[in-house]
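What follows is one chain in structure tokens, specifically the form predicted alone.
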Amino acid sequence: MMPDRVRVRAMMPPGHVRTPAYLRGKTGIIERPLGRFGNPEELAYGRRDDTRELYRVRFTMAEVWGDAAERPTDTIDAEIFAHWLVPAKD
């Protein structure tokens, strides 16, 4: 299982990508694991893919939008596959 605090990788690969660009490089907290699912980044091209862990990750508006956040403590949740997540450094 992933640590509680994670950072979304800031990579920008070409092709079918399900991780929102506005969350890449941002830090959030694992809200809960969702189980194992096929990776849509591979399945979109007809490639067989082993299942991967999917997590619901919670971000504050301050983390996502910085000073532009109208309500900095509000949150947004996103479902992100484990290969996009790394442990956050405090």
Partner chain sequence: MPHDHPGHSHDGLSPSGHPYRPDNDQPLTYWQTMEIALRELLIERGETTAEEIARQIDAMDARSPANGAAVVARAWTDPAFKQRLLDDAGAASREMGFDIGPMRLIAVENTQQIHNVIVCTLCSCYPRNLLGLPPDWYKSRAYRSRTVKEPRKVLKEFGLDLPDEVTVRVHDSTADMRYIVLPRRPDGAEHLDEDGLARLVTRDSMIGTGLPRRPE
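Numbering follows the first chain given and starts at 1. Not measured: the values here are computed from a predicted model.
Omitted from view is the form predicted together with its partner chain, to which the following refers.
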In the model of the complex, I76 touching its partner chain (heavy atom, 4.5 Å)
yes
Interface membership of R32, its partner chain in the model of the complex, 4.5 Å heavy atom rule
yes
Is A62 close to its partner chain in the model of the complex, meaning a heavy atom pair under 4.5 Å apart or at it?
no
Answer with yes or no whether R9 is in contact with its partner chain in the model of the complex, where contact means some heavy atom within 4.5 Å.
no
